[in-house]
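A single chain comes next, written as structure tokens; it is the form predicted on its own.
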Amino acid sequence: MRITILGGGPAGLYGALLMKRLDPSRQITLIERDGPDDTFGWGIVFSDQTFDYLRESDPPSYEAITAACEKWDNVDVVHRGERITVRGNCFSGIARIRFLRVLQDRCREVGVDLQFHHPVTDLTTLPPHDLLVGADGANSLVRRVHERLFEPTLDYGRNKYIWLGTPKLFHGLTLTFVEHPTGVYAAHSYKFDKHTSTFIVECSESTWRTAALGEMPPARTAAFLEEVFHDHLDGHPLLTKNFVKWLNFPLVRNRRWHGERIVLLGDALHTAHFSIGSGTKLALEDAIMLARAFGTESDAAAALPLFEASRRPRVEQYQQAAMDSLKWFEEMADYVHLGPLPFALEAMTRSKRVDVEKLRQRDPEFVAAWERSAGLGKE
């Protein structure tokens, strides 16, 4: 079987690795327009559940990934200068470039043909294949060329966001909210190695326009946001890359997932807002479920429907949770009047996947403190 994969992100690389491991006789070619060391973003975050899937699917890459991770069990919500810590949330962070290198190395070990610096603008120029996998991101060429087949819907979140880094190490997944004269800002931050943290800032379009952020060059943008988050960066700078810019989060869905021996994976197929940290998780789990489908059905005509049937319900659950979280951040100005504890509870339950009882299981001290603050504690 000849498989061509367009896109060298987590979905494409892990899909190539697992499909080759499943049947070494497969000829798998992965084509990526950028170089092996080019990456967008700073670090990525995983839950322990995701690691369980990685351990089962490919132990060597699991071992290399976990060895490079920073681990924590706390989510910190910072509001009005007060830090509220909620424990029992097991996460790990890793540099995105380190993560991709692990998968690249494993693909080479098992015999995947990796072709970098190979931009594709015409699908007819791809090598002959029995299966085409579109893992080429939210702006997928495969999806756009076959729009009638997949029937995608594409929308955008209302908030503006920008992906930055900082040498300030945030020990835990930290959500920092700041009321500034120009509006309300939120930062999502976590360390992903011994020296650097991801620092994603989002705000409403109204705030963005009031601050004239769309008119600022990257260096000035970083300086402005350093001032906004001055009390939380401890004098550390915000770091930019050449491509840094403000974005609206793309909301991708597809009515159909496959057809004509073509299938989509990862952001080409679906997106989920970064506030629940599930984009890379979903991409990897797509790859796992596709490989499992081909482990059950060797022919694409049977395996692809099985992949969609087994995978779609889970993806739609995550997309709904991510949408609820996205909307909460779009409405965060409605909650900043709350005190730190009730605000932290709102933030922790925003996706509706976690309620007070689940929080009680994870961190009974936090819930008890919130109940006392709300007058619900025992006399």
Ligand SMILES: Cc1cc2nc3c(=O)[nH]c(=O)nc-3n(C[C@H](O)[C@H](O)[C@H](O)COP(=O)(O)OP(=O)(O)OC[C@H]3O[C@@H](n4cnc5c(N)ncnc54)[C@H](O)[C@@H]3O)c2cc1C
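In this text, residue numbers run from 1 along the sequence as written. Remember, predicted model here, so these are calculated numbers, not experimental data.
There is another form of the same protein, the form predicted in complex with the ligand; it is not shown, and what comes next is about it.
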item: Stretch in contact in the predicted bound form with the ligand, which is absent here, among 299-307, 274-282, 229-237, 214-222 (heavy atoms within 4.5 Å); value: 274-282
item: R101, H129, K168, H118 - the one with a heavy atom within 4.5 Å of the ligand in the predicted bound form; value: H118
item: Distance check, L141 to the ligand in the predicted bound form, heavy atom within 4.5 Å; value: yes
item: V184 within 4.5 Å of the ligand in the predicted bound form, heavy atoms; value: no
item: Heavy atom of V244 within 4.5 Å of the ligand in the predicted bound form; value: no
item: Partner contact for D58 in the predicted bound form: the ligand, 4.5 angstroms, heavy atom; value: no
item: Whether G15, Y62 and F294 all lie within 4.5 angstroms of the ligand in the predicted bound form by heavy atom; value: no
item: Those residues of 1-32 which, in the predicted bound form, come within 4.5 Å of the ligand by heavy atom; value: L6, G7, G8, G9, P10, A11, G12, I31, E32
